[in-house]
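First, one chain by itself: the form predicted on its own, in structure tokens.
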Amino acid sequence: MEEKELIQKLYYKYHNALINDVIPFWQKHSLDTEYGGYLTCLDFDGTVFDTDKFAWMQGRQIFMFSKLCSLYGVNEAWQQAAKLGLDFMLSYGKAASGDFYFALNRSGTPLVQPYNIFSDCFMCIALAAYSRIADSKLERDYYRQEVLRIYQRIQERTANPKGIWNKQVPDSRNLQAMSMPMIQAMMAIELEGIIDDALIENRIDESIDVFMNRHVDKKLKCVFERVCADGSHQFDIMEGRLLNPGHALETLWFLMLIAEKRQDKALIEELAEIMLWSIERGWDTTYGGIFYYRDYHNRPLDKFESDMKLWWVHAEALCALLLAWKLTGSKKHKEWFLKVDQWTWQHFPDSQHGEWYGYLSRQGEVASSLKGGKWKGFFHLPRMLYSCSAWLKEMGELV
């Protein structure tokens, strides 16, 4: 098959899955028209098995319906779906501090304190995305004021995201997680034109510096999930040896988008090379697919899900590898993309009931029947599908 024909075939597969499978599944089963917001704990056929609502899942779904309107034109049903979640969270989701609770019950009563900064990060991009499709200037301005307030509060909390709910003894072990540079890069992409450019550029520069000079070890050719403040490693403990291939690849494609915008070809090439380290270390050569976690020294981990194959890991890998193929023309990235594509589409989609299973065994068998839960929702999969669709469309020069 010629490359252009291959790209066109891939485009139609990804675009069709988004428009005719994934979006309809969540529209049909997730919208809580009685209480507002979304029911995200969905079994294989869309049956709700838990009615609690988790702030970061609500934020992600508001963002996604809003983003789809920006990408494909304002669809009244999608806009209404986004507003359903937005009104619920603005009515019930905020604590007195202005931070967002982690969990609420179905009607909006708070259940879990606002200990998780990612609830705020996803509500921030949700409000930003909705402001782009708001019906009036008054609405848009209000939501953007909220975006700025939340964003400033996030920056205040980054040094100690969990605040008083942090269980760690202060200064006892200051390993730094990769999650903050990753989320800062993601927010920078989604908040462009809404937050002051200088502030965004400063956060981008910080994120690139922290990731490239601390979490990336060029001598060991590896991306570490947690490192010491100076970028050194604590190899005598599991956390210091932890590798998370999906997380590394997700961060890498965010930074590659930023490098593309900055026309930084050298950084694009460097990021593409690091992607290869990450996929090669993460790939299961016995059963195929990408491991959830790895230990740098191949020692045991206390995370018993380490050998599992998760939907989001494969979704982020597909984004990373396709973007690198698109921007560099690399044969290696093309081969890896097609390899991950084949395994992913063979194992995760549910052709009978729609959407994708999220959790597979190492062998690629369904380990949980859920399509949505506390951690899986309407986010990683549709984001991958619309991103890959857009890049494939450009690569195939499709109208």
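Predicted model only: the values in this text are computed from it and were never measured. Position 1 is the first residue in the sequence shown; the rest follow in order.
This protein has a second form, the form predicted together with another copy of the chain, left out of what is shown; the following refers to that one.
Asker: Residue-level contact is defined here as any heavy atom of the residue lying within 4.5 Å of another copy of the chain in the predicted complex; does L68 satisfy this criterion?
Answerer: Outside the cut-off, so no.
Asker: So in the predicted complex, is another copy of the chain close enough to L220 to count as touching (4.5 Å, heavy atoms)?
Answerer: Output for L220 is no: heavy atoms all beyond 4.5 Å of another copy of the chain.
Asker: Find out whether any non-hydrogen atom of R132 is located within 4.5 angstroms of another copy of the chain in the predicted complex, and reply yes or no.
Answerer: Answer no; every heavy atom of R132 is more than 4.5 Å from another copy of the chain in the predicted complex.
Asker: Please run the contact check for A367 against another copy of the chain in the predicted complex: heavy atoms, 4.5 angstroms, yes or no?
Answerer: Contact check for A367: yes, within 4.5 Å of another copy of the chain in the predicted complex.
Asker: Suppose contact means a heavy atom within 4.5 Å; in the predicted complex, does that hold for all of F118, I204 and L385 with another copy of the chain?
Answerer: Judged in the predicted complex, none of F118, I204 and L385 sits within 4.5 Å of another copy of the chain.
Asker: Among 137-145, 159-167, 181-189, 73-81, which stretch has residues whose heavy atoms lie within 4.5 Å of another copy of the chain in the predicted complex?
Answerer: Contact criterion met by 159-167 only.
Asker: Quick one: of K339, K332, H353, K374, which gets a non-hydrogen atom within 4.5 angstroms of another copy of the chain in the predicted complex?
Answerer: Only one listed residue qualifies here, and that residue is K374.
Asker: Quick check on this chain: which one of R149, K265, H233, R173 has a heavy atom within 4.5 Å of another copy of the chain in the predicted complex?
Answerer: Answer to the contact question: R173.
Asker: What residues of 109-136, in sequence order, lie within 4.5 Å of another copy of the chain in the predicted complex by heavy atom?
Answerer: Counting only heavy atoms within 4.5 Å of another copy of the chain in the predicted complex, the contacting residues of 109-136 are P110, L111, V112, Q113, Y115.
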